[in-house]
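As structure tokens, one chain now follows by itself in the form predicted alone.
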């Protein structure tokens, strides 16, 4: 069917199919217990992160280890903008007086978190997009370290190693699914746009791309800024989901999980980002239950701490060995979209 559709129309059809899948999962999970709904809500937030990462990494071919920095910026933005002034004055006395007095609705704080992440991505993207290949990936990891150190030690503004509490409860399953769907739509539209085509052209053959006049640095910067916006919004949603912000959340563990979702599903396709998130979420939940131990009646298996990390690492290693392009092989659902 895709051969009879324009690239943009095919991408829109793909987005609709993926959004319908998200809606079905949301409807089913809304009928389950509170614990299952929390797992599903967390999965929708991670889906937003992974699809946001795909906008840059999938289209550029540069694997980013720094996008969790933007998640942290979105979370801290939510804390700065939505916690009540009295609590902010106690926990974050180093904030400007006008910011301490400001108290926005969580929805406005979520958008503001995305905008702040985009602004920071523009600033750091100017030097980072000069790099290519493994050097660019290492540069994004350096970004992660810089922001983790800042979050952990700028105590008057971020609370340091302590927890920032008092965020209003805002993120639920429908809201998280709605933002995830919006991110999928934006990713589909971007990959079907002229900018998306130019960036993927530079991914496949940088020399040929330069020869036809493509400014690779500019195209990467555009994708970097757009992806940071959606990951920043996910950070604000994450903060309003947990209702606390802790610096330790925005470092290696979450980086590994989201990168594993993208790589296992298929880094070069939007479908892969969605499938990888679903697979790793279900697999992680299975491993988490196994960590606690279980009783089969005729045999009792004791818990094994660390099984989740070991299992995910093994799954990622197997995917790299046997399916280097991921579960989807870098292809879109039904041949739709413009992943190749």
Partner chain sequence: MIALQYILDAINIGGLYAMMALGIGLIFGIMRLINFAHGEVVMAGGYAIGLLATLPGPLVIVLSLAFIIALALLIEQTAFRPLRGQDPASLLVASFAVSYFLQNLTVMIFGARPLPFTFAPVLAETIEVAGLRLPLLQFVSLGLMIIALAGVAALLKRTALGIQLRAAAEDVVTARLSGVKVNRVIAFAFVMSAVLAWIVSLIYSAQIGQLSPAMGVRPLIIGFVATILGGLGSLPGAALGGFVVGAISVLLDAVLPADLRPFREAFLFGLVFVILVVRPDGLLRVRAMQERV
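Everything numeric here is computed off the predicted structure, so don't read it as measured data. Residue numbers count along the first chain shown, from 1.
The following text describes the form predicted together with the partner chain, which does not appear among the structures shown.
Asks: Report the stretch among 69-77, 239-247, 132-140, 162-170 that approaches the partner chain in the predicted bound form to within 4.5 Å, counting heavy atoms only.
Replies: Every other range fails; the passing one is 132-140.
Asks: In the predicted bound form, do 153, 253 and 324 all reach within 4.5 Å of the partner chain through at least one heavy atom apiece?
Replies: Every residue of the spot touches the partner chain in the predicted bound form.
Asks: Would residue 27 count as touching the partner chain in the predicted bound form under a 4.5 Å heavy atom rule?
Replies: Outside the cut-off, so no.
Asks: Just to confirm, residue 229 within 4.5 Å of the partner chain in the predicted bound form by heavy atoms?
Replies: No, residue 229 is distant from the partner.
Asks: Is there a heavy atom of residue 286 no more than 4.5 Å from a heavy atom of the partner chain in the predicted bound form?
Replies: So residue 286 does not count as contacting the partner chain.
Asks: Might residue 314 be said to contact the partner chain in the predicted bound form, defining contact as any heavy atom within 4.5 Å?
Replies: Contact check for residue 314: yes, within 4.5 Å of the partner chain in the predicted bound form.
Asks: Sort through 108, 145, 89, 99 and report the residue having a heavy atom within 4.5 Å of the partner chain in the predicted bound form.
Replies: The option sitting close enough to the partner is 145.
Asks: Among 94, 85, 174, 127, which has at least one heavy atom within 4.5 Å of the partner chain in the predicted bound form?
Replies: Exactly one residue meets the criterion: 127.
Asks: At a 4.5 angstroms cut-off on non-hydrogen atoms, which residues of 34-70 are near the partner chain in the predicted bound form? List them in order.
Replies: If the 4.5 Å heavy-atom criterion is applied to the partner chain in the predicted bound form, 34-70 yields 63, 65.
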